[in-house]
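A lone chain, given as structure tokens: the form predicted on its own.
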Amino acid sequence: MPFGKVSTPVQWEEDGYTVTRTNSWSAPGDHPTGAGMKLYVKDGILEKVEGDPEHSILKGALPIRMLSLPEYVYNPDRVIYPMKRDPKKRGDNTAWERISWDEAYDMIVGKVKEYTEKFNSNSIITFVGTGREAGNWGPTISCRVFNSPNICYMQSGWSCYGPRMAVTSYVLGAPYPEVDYAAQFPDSYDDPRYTYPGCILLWGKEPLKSNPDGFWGHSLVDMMKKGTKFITVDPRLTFEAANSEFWLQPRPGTDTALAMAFLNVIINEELYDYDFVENWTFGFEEFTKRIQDMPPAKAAEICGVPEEKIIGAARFFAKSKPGAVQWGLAIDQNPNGVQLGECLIAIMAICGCIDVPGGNVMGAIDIGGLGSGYSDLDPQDKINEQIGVDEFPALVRTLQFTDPDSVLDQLESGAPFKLKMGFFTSANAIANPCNVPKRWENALNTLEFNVATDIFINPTISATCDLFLPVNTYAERDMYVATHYGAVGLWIGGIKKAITVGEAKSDVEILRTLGKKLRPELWQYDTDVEYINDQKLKTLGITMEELWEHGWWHVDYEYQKYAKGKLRADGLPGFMTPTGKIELYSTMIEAWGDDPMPYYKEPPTSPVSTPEYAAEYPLVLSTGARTWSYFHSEGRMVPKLREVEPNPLVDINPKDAKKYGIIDGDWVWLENSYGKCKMKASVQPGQKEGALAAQHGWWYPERDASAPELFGVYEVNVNNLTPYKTVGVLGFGAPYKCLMCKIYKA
């Protein structure tokens, strides 16, 4: 068994402290990177945290988010006991009253039984965010506890990770392929099977700040020190861009044209891997013809990137062996993003990057079904009743979540049936992912009974909820963390409880308790560890106790699985696609009703597609700019983090700033026909001229929590500028990264 190598037990005594070795997950933190930490507790109080130098990946390094853990755990704004509020007083944050857990559970059980009997359990909808392990537990509580197929991630076009996961399933027959950063090996980079990438193509992603979805961003620095080169595609000058051989700044939203031009160069100059293309890809001939539509000169005109730079970067990547591609939200937050994803997988495939040392690793861990619970629906065909399945079948059936814009429609219209109850788990919808956030607030208030599980009262809870259930942080519970939610087979770490704070409970304890009361035949587990061992880890042949003993477990990884019959259910060589090959001509996308090969389409609003609109709103706006301190809407109440990054920022090029009479540090309004928000201008020479980059997820915990103020969320919410149901053909990708706006002093 490839367990971790640690020299201490999971807990030990040191200089008057009880020290616990654990691995992080938000909040506070990141997506599931599983940073190794040591928690120092004295008299039951968490006094300090340190990085774990024995951690195989991070080796003691920690982002500031994790270092702020004590301030987060003991923050005076934290709520550590259940509370209820009269639904008539939604928006009044002074109307909460403390109750017991028994009363809270009785309220939920009573409402679930009432709505199920009167209206069908489909009238209960679970809303999930991406913090904590909500991605895991949302489907479980909805299907296995409430017996409802309606699970909603409230971001139009499912514009975070969903489009990438979908297109990889269609084209590659596997989940998201990650850059090989040796996380699967106990000896990390020293494993003899490992090779450093020759070049990493970073497309629309800033891993050093975000540590995205299980990838430890600092590993880029580790690899750079060993000779790995970078090509960065980003309108902004980032650390990664500054250290790249090529930095390409496309006009936001035009990335698909640029990626097609990359392929045009690689194919026409015959820089691709002949053997891989011949044996493992489908549709190369048709694909080659399609790519002729986008010569580099044409892409240069569309994207605003010099032709010679496109050609040079494409050649450099194709000749770097091994190459790897890392692709981010620029793919997800663009209605043309599915086609961009097709292009990037094609680059990986024809350049021979797939499942080779130092390339893009792939293959999921079987952890009892990521987000499991769907098989517990009764009857099973309830899965066919998810909201939005008729309008966007590709999105709903691929991700097995409702279509978010369709949920908004149904909440507002009450058709075809009224939704009655909402259960929010780690879902600060109004502050973070929602387009048209005020419409969402009004729509959520049509629900009769809303329950939130969280750590703090946030704008969404203050505006819309009736019952608050306090959940604990990763310092207070037993859990596991798998990089990429298990969707890439690399690594699983143990999370060990070190402290208890108030009456807060784990997400698993809450759903176990409700499960025993509502569907006891499915919930025989008396502890979280029993449940995790049986439902998540049993298929791997490991237990939580072993994870704690050894720190973590590495997948016994094998490269080139496609050649050995280890990807397909039938045991034959190839990929899990209808043709058994990587589909450059996607039969799945064609079956869903879209063009089977990539094509370029201008953003819904742009200087080209809507010149009259651009005359009034002349700047291209990208939202979602990452920060060092915050993970989405988390952390604004932590003093240490606010000291580092106290204000919401929008980056602007100096020429644009001068043109609009703005100096660095000015408060400004960003505005378009959908709405406006107020931020501080950050004049950045590295920002592309004509384009802005704004942060997201902001609210002010120090302001009045009650409506209409709601912590100032609408004043600072950049999603006020994002339209409704403006997505790609299959329903994926709203234009969060390619809006238009104007800017002026506040």
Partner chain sequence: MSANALANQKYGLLIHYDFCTGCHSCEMACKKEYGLEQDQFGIKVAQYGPVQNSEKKWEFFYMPMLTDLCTLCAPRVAEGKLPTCVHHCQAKVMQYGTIDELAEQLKLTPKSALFAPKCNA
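Bear in mind the structure is a predicted one, so any value in this text is a computation, not a measurement. Positions refer to the first chain, counted from 1.
From this point on, the text means the form predicted in complex with the partner chain, which you will not see here.
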Heavy atom distance at most 4.5 Å to the partner chain in the predicted complex, all of 60, 224 and 685: yes
Considering the partner chain in the predicted complex, which of 168, 623, 140, 238 comes within 4.5 Å of it through any heavy atom? 238
In the predicted complex, the residue from 242, 563, 576, 615 that sits within 4.5 Å of the partner chain by heavy atoms: 242
Determine which one of 50-58, 714-722, 22-30, 694-702 lies within 4.5 Å of the partner chain in the predicted complex, judging by heavy atom distances; exactly one does. 50-58
Does the partner chain come within 4.5 Å of any heavy atom of residue 641 in the predicted complex? yes
With the partner left out here, check for me: in the predicted complex, does some heavy atom of residue 216 sit within 4.5 Å of the partner chain? yes
Just checking whether residue 64 would be counted as a contact of the partner chain in the predicted complex - the rule being heavy atoms within 4.5 angstroms. yes
Evaluate residue 628 for contact with the partner chain in the predicted complex, applying a 4.5 angstroms cut-off between non-hydrogen atoms, and reply yes or no. yes
